[in-house]
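Below are two forms of the same protein chain, given as structure tokens: structure 1, then structure 2.
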Structure 1
């Protein structure tokens, strides 16, 4: 596979392994509502934040949406659209070294993106998916590094989002940008027959109307259908329900459209079908029936899925119900005026606070297609918090309980825009009612280990426990599990133990943190192989073998990065 080269690449390809693990520090005064809601906003550089989140979310995220700086050259926006913020400049200097001064703006952007994409991939579930917004400035480079990090065979689509036209360009009015989409494992999706669908817009409006008509006309479906057609004809063409106006008949099963019952292209069978009332053979369509056999047709008639005319002179039709065709596939090209999202954000804050926010309605559609239930959605370039807004909106719409994780570098943006927007969406603003929910707000704490690889004294048992468990097993400790015993969990039949900070009650240095015969007897039992992390071990090789124990010495055998 062809790969992209750039100055600084060698320094960053494996950099994600070297990023030290940091702790997350709660900022309760910026958290909102129920901290157990599972929603999280993290303030800080996403490289460090993602590494800190890995022990909790590796392999757990269903959908990642990112909208990194497009590298347009514009530094006058609220955020820095180049790779030029002081934090990132300093990071590049450290990681790339002397070469950093020779980097072009594309080199810098690629150096910034590559290790972050490598980390992001580790968050995805086997059926997970990543969407990345980008425009012409970096799309060619991004596609190459996504191919490298996610595998070219996992490419799904390059969406083209057309916004409003501008008429001030010298050559061509560029009115679109892109959303590149890759699966974590496209083959996994195929084998599991995954299908991405969104609910057609306007459908609920039609159901509401029909319910209303049923209240008025009971089971008089002829009258209900007539009134429904009259209602459609009064709708504006921009109304999403207008697009479904061919669903204009109603029966006890629901709203349907009378569709063609003939064999596509002609040459279908022409067996006899009797009209249910006149008992005479009905008119056969010129192309023959769509069903190859009378038995199949009879099945549909029995189920009341064939719509006969008043008498045998009319060709019957097939009932296609709206509730059976609600799902629609995502189009790879779509139009959504960008100014609408800016206007809504302006209304939410009462002023302009952020340049070029994405549209929460567009993101909600993407999330609707690929997530459900309690799925986790991650956005590590959160900006104005559009992803959080979209998740809350979608949950409200379909009763889901999806959770979001947002990461934003700039403290001022994270606090005053990202978190503030989500707060207003939760509580309501102006005439807009709140959607409910909550989030935990965290900043980045200190590293877990000091420069000599020693565990920092401030580290608590639970923090080291999550870290040791996830680096040992490659999986996070289940979210609901509170690590408050030395047996952290059992993974693939192996019990993972940690002796640290006197978890067994013995605070002496050589006591509860060292694996002795007495300590072993007091450990919660696991019948099978065990991995035990402890500061020392006084058991002989034979005992370890007999007890199926693999001993790992803290801190040296805990992965630091």
Structure 2
């Protein structure tokens, strides 16, 4: 497969491995609601933050959405990754300019994006997916590095988002952006028959109307159907529900429309079907019945899915229920005026606070198609907090409990815009009611290890436990486990242990941090292979073999980067 080359690529291809692990530091005064809700906002450089989050969320994220700098030349972004390269060191701290003033702007952007994409891939579940917003400035380069990081065979689609027409362009009005979509493993999606669907607009409005009519008329479905048709006739043609006006009948199963019951193209069977009341053969459609056999037709009649007329002179119809067809596939080209998102954000804050925010309604549609239940959604270029808003909005709509992780570099933006927007959305603002929820706010703490590779004295057992477990298994320590025991967990039949910080109650040199016979006897039991991380080991090879123990010495056998 052809690959893209650029200045600095050799230095950044493996840079994500060299980024040190940092701790996450709680900032409780900026957290809102239940800190255990699973929602998280992290303030700090997203490359470092992603590495810090990896022991907790590797392989756990269903959907990633990112909106990185478009590299237009006027965004004011600065390249600041600490890469061991003379060329790259010359870029540090300098604002990336436009094409005329900065000939290496594309190289800088690619060097910034590549290690972040490599880390992001490690967060995705086998059925996970990533969406990346971009425009013409870097879309070709982005497609190349996404192919390289995720695999060209995992490309799903290039969405085209058309916004408002600009009439001030010299040549052509560029009114669209792109959203590139890649799967973690497209073949996994195919084998598991994954289907991405969103609810058609206007459907919920119809359901609410029918529920209201049921309260008035009970089980009198004739009156309910008549009133529903009258309601449709009073709708504006711009109302999304108006487009479903053919769903104008109601029975005990739901809202339906009477559809054609004849064989497509003609030549279908013409067996006899009796009317349920007159007991006479009903009129057969000219093209024959849609069902190839009477047995299949009888099955649908028993299930009350065939709508008969008043007598046998009418051709029956087939009931097509709205709840069975309410899903629709995502279109690859769509229109949504970007000014609407800007207007809503202005209303939320009472002033303009952020340029070009993404539209939470668009993101909610993407998330609706690919996520459900308690899925985790990650955004490492959080900006104005649109992703958090979209997740809360979607949960409110469908009763889900999706969780978001937002990472924002700039402290002022993270605190005063990202977190503040989500806070207002949770509690409500103006006449807009709150969506509920909460989030935990964190900043980046110190590195887990010092410059000599030693574990820092301030590191707590739980922090190192998650790190050691992730190092050994490639998976995060399950969220429900509280690491207050040396047996961190069992993964694929192997017990993972950590002796650190006197977890067994003995902090002496010969005590709980060193694997001795006494310590081994006091460890929680696991009948099978064991991996034990400890500062030292005083057991012989025969004992280790007999007890099925693989010893790993801390800190040297825990990944520093």
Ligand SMILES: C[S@@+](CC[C@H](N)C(=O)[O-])C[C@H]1O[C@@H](n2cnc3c(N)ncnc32)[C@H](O)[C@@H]1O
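Residue numbers count along the first chain shown, from 1. Under this definition, the rigid core comprises the largest set of C-alpha atoms superposing within 1.5 Å between the forms. Not measured: the values here are computed from a predicted model.
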Answer for which single form is the form predicted together with the ligand: 1
Residue 191 C-alpha relocation of at least 2 Å between structure 1 and structure 2, rigid core basis: no
Large Cα move at residue 253 between structure 1 and structure 2, threshold 2 Å, rigid core: yes
Rigid core fit then residue 228 CA moved by 2 Å or more between structure 1 and structure 2: yes
Displacement in Å of the C-alpha of residue 306 between structure 1 and structure 2, rigid core kept as reference: 3.4
Per-residue Cα shift, residue 92, between structure 1 and structure 2 [Å; core superposed]: 4.9
